[in-house]
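Only one chain is shown below, in structure tokens, and it's the form predicted alone.
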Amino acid sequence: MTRRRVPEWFVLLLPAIIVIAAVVLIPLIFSLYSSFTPYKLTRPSTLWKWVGFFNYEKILTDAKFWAAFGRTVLFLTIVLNLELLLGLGIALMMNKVTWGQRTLRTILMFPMMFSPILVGFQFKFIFNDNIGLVNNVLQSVGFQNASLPWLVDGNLAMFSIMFAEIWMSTSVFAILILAGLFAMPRDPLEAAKVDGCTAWQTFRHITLPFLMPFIFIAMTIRSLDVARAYDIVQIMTGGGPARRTELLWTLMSRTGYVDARMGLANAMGYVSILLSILFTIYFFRKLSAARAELGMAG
């Protein structure tokens, strides 16, 4: 009777499997289980009390959760669209550059290299009421009474967070769209030029349809990032003032670690993951449609 040998590929992958199980799989299962319990950090015994879908039912009737959800959707919509427009404009301009383009691409990537926590501290200083750079610049150009409460007023605080997020991540759109411009065939552009098409007509009917798959890839990546926005919001405003800038993940953090209701926070997390999956499916369908249209046009 011969002994079955363990496949060599399994032996090679075993350390990675163990690490992934310890770091990802076990915490995921634990958090899913605890979302069906009234688990509180201050009362460990509550981890073993099963309450079924009570936490999920509570979320559906929780006004604070849906308010944070609405702010997250608003935040995501504005940030994604502004990053798209700015990234598209930057990519189109850089595509026209004939000298020093590699240097410009390297500079363009700098904001992506900063940690969101560092960006949060940076813009928390820039928008500071008293010593912030923005108010000092406004005062130096003639607005003597310009002492705007950027991080205290609810609307200005949300604008400040959006500005920081856009500054940090617009380059994602710019780089991906620029890659699309580099991959674009020149024959259709030359044919449009010969036919007498204007620059806008060429962009609208040739360049933009070709770039749409790249745009939807960037949208998918950034929608997941923006939907999980936490670091910048927590550093700059902590969800304040009066929770006017509280998004889903800052609400989960407050619920889990400040209020110690970890079971409810984990339930919020899984609802948020489900919503993120729906966003991803939407963008992937748009991506598939754009690729199919591009293939039919080709």
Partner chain sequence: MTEVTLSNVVKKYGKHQAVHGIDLGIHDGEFVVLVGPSGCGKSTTLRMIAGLEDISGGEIAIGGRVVNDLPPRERNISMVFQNYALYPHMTVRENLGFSLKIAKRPEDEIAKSVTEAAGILGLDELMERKPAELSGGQRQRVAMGRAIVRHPDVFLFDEPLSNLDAKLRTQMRVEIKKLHQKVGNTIIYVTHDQVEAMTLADRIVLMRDGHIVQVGTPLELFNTPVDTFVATFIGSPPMNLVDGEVSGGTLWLQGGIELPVPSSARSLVRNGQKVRFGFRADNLMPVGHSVEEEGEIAELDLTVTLTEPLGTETLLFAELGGLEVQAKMFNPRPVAPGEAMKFRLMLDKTHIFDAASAKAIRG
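What you see is a predicted model; the values in this text were computed from it and never measured. Residue numbers count along the first chain shown, from 1.
Here the subject shifts to the form predicted in complex with the partner chain, a form of this protein not shown in this document.
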Using a 4.5 Å heavy atom cut-off, which stretch among 68-76, 185-193, 152-160, 81-89 contacts the partner chain in the model of the complex?
-> 185-193
One residue of 166, 197, 119, 181 in contact with the partner chain, assessed in the model of the complex (non-hydrogen atom, 4.5 angstroms) | 197
Evaluate residue 102 for contact with the partner chain in the model of the complex, applying a 4.5 angstroms cut-off between non-hydrogen atoms, and reply yes or no.
-> no
Using 4.5 Å between non-hydrogen atoms, is residue 147 touching the partner chain in the model of the complex?
-> no
Hey, in the model of the complex, is residue 206 touching the partner chain, heavy atoms inside 4.5 Å?
-> yes
